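In structure tokens, one chain follows: the form predicted alone.
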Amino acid sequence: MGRIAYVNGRFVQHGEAVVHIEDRGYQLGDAVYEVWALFEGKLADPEGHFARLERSLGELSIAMPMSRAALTMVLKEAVRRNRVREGLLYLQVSRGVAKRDHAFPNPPVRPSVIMTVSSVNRAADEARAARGVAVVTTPENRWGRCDIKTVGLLPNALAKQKARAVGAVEAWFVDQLGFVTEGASSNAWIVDREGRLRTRDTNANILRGVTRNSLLEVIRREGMQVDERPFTPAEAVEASEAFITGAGSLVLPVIAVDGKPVGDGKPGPVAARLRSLYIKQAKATAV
């Protein structure tokens, strides 16, 4: 059986899934999205993702397409039909289909909803985490509402391509003051020489990372120190460890920034421990 997608109330073959050419998500980027990690066929961090989805929709005045309970049922059905145990689920909600106009359609139209499910090779992911990854930096050039998880990701795509072109996995945006804001598809962290964890606070209009928030719960439960304030690329290089977090990366050690090694240039024990603890919690709370 091939991959199955969900499009506006129907499950269809992935290769036959289509949206209308005047869908506002396609023409104007007028849409939001969420990505769930899947562990053993279950949705990780469910509360965090639903809360962020509802907030993003509310910030753009897009109606929730269905109740949370109904959406949960559809999400689970998409996972079941694709027979995926370990993977990622992508959900996108746009304002809907309407004659092209920058202003919102009046009267409002029904939001468009799509879902896709893909498999992840967890063994390969663990091997990558054991090796660590490199990141590059790039000037912050995104709009001022990165706290909303919209599909307007062209700067992120260009940043990610910059990273891939030199063999890195991620790009970190750096603001005009020289501080790292976040990654193209992840939140950024360091462990300083005193063993304190540092990551930028979300008041800076960076994405409210769901994996980030879940990891903060783990960190505080373990009695570890965390400092929510920005750091520079130079501070990352001088740190003992660095890592990124996200639904796709989970907790992934960073061993180099712009070609310069972080610490001893190898994944450190703190990131490895946090990755293990996060995965344990995510599996225990998945639905």
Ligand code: PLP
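All of these numbers come straight from a predicted model, not from anything done at the bench. One-based numbering along the sequence shown.
A second form of this protein, the form predicted together with this ligand, is not displayed here; the remarks below concern that form.
Using a 4.5 Å cut-off to this ligand in the predicted complex, not one of Lys42, Leu91 and Thr116 places a heavy atom inside that distance. Checking Thr202, Asn156, Thr72, Thr138 against this ligand in the predicted complex, a heavy atom within 4.5 Å turns up for just one residue: Asn156.
Contact annotation: this ligand lies within 4.5 Å of heavy atoms from the stretch 182 to 190 in the predicted complex, the single such stretch among 116 to 124, 79 to 87, 96 to 104, 182 to 190. Contact annotation for Leu216: none of its heavy atoms lies within 4.5 Å of this ligand in the predicted complex. Mapping the unseen interface onto this chain, Arg212 counts among the residues with a heavy atom inside 4.5 Å of this ligand in the predicted complex. For the chain shown alone, Lys149 is a contact residue for this ligand in the predicted complex, at least one non-hydrogen atom being within 4.5 angstroms.
In the predicted complex, at least one heavy atom of Arg142 sits within 4.5 Å of a heavy atom of this ligand. Annotation for 43 to 71: interface residues with this ligand in the predicted complex are His49, Arg52 [heavy atom within 4.5 Å].
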